[in-house]
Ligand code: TRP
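In structure tokens, the next block holds one chain alone, the form predicted on its own.
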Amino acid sequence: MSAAAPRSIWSSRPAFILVTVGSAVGLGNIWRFSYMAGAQGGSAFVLVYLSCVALVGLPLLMAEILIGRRGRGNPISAMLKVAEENGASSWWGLLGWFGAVGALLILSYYSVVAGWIVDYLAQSVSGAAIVTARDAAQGFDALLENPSKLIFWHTVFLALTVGVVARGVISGIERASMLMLPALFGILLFLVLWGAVMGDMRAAWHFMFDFKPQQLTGQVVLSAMGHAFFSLSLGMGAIMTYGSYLNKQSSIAHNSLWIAFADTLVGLLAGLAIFSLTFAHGLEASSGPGLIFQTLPLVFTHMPGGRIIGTLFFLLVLFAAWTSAISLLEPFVAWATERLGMRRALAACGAGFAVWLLGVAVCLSFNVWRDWRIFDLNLFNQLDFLTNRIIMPLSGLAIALFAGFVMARENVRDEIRLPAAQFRLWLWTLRYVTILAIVLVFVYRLMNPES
């Protein structure tokens, strides 16, 4: 057997931060954060979310990166290597499989939703007008009823994703992230400034940051806690894979702080931009998942410069979805190239084709196969339930247990490299606060499917 090729390493610390922020920043930050904040009353959800990013998301983010860098491989190989180093069972390798396969399942329906974004971007570019709320609802329903259009846009988006991953870690993933993330932040800042000038930024600010104690319910706390965990792209093998390309000298703690800060900032800025425009036109923030597919298109039609602003907004969401999708495909591709010796382009196309097939079934679940249901859920919702409510929290819980209790403390300290007091604080938080929070969210979301 020929010697293994040298493992790729991110070209710089900013490159690692950008690609990892790209993985974390996705539809969850812009679409899900905004509609959840709107539905949960705004400020109470936002402030609990910010607290949970620090207490739940950040410690787990550091743990996943340290396992990836320690194992220097795809999630499966990394888990096996680190488990062996620490005298633990090889069954821990299943955690890597859990994340890599879960990421592909997520990508199969994530790509379909991203296809909706591409369709709305095309409509914005063409100047399609939505005059009434009924037009907005009917337009979205018509998209879901059209299997050909859904499959076409799903195919386009997935081809874009496969194309980047096939080019490699540096030439593909890093280069694409270095282009798209600055563009994403630039567009987002422009939209916030536009909202300040043309929208009702004062109302948006009060809605998001004026704390109202009466809004603080158990449901709000657990919903915000769950979103803090999911918004950082944890438990899917993506962060572990990206961590495996990080050089030994780079600080995991400092990088993680920047990643968590940038990821959170995107959600907050997107919320300000969306709510300032929504409130300025007298529309409701609590419109749920339809916020960016029904409420905002109506806003763009009736505002000055709406065609341009709408186009920039959906381009922003497309960039966010694209960088996240790349990270979902990479863990399995890394395993196929490292373990099976496949050429990267072939591995990316093979994994992409499997995801595409499942995505086609997801597209059909909205129309042709709408009557095929389990527990009254179509395939789209089944996959979302399986991944978001079972695979991701259980993977996150296992990562926290592994880094917090299974790995030898000297090995963990060797990767984290924090001063003694800070290291003890991080380890204690991971072992008790983070693990307890994940268990609470897991049980709550299983018992409340509508949450």
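In this text the structure is predicted, and so the values were computed from the model without any measurement. Numbers follow the displayed sequence, beginning with 1.
Although not depicted, the form predicted together with the named molecule is the subject of the following passage.
Student: Should Thr434 be classed as touching the named molecule in the model of the complex when contacts are defined as heavy atoms within 4.5 Å?
Tutor: Judged by the heavy-atom cut-off of 4.5 Å, Thr434 is well away from the named molecule in the model of the complex.
Student: May I ask you to state whether Gly404 is within 4.5 Å of the named molecule in the model of the complex, using heavy atom distances?
Tutor: Flag for Gly404 set to no.
Student: Is Gly28 one of the residues lying within 4.5 Å of the named molecule in the model of the complex, judged by heavy atom distances?
Tutor: Yes - in the model of the complex, heavy atoms of Gly28 and the named molecule come within 4.5 Å of each other.
Student: Is Val317 a contact residue for the named molecule in the model of the complex, using a 4.5 Å heavy atom cut-off?
Tutor: Val317: no, not in contact with the named molecule in the model of the complex.
Student: Counting any non-hydrogen atom inside 4.5 Å, which residue from Phe293, Trp194, Phe230, Trp322 sits next to the named molecule in the model of the complex?
Tutor: Contact check passes for Phe230.
Student: Which of these residues, Ile274, Ala334, Met236, Val362, gets a heavy atom within 4.5 Å of the named molecule in the model of the complex?
Tutor: Here the answer is residue option Met236.
Student: Would you mind picking out the stretch of 295-303, 308-316, 80-88, 102-110 that comes within 4.5 angstroms of the named molecule in the model of the complex, counting non-hydrogen atoms?
Tutor: Checking each option against the 4.5 Å cut-off leaves 102-110.
Student: Each of Ile17, Leu181 and Thr264 having a non-hydrogen atom within 4.5 Å of the named molecule in the model of the complex: is that the case here?
Tutor: Spot residues vs the named molecule: no contact at all.
Student: Give, in sequence order, every residue of 376-403 that has a heavy atom within 4.5 Å of the named molecule in the model of the complex, or say none if there are no such residues.
Tutor: Residue within 4.5 Å: Met392, and no other.
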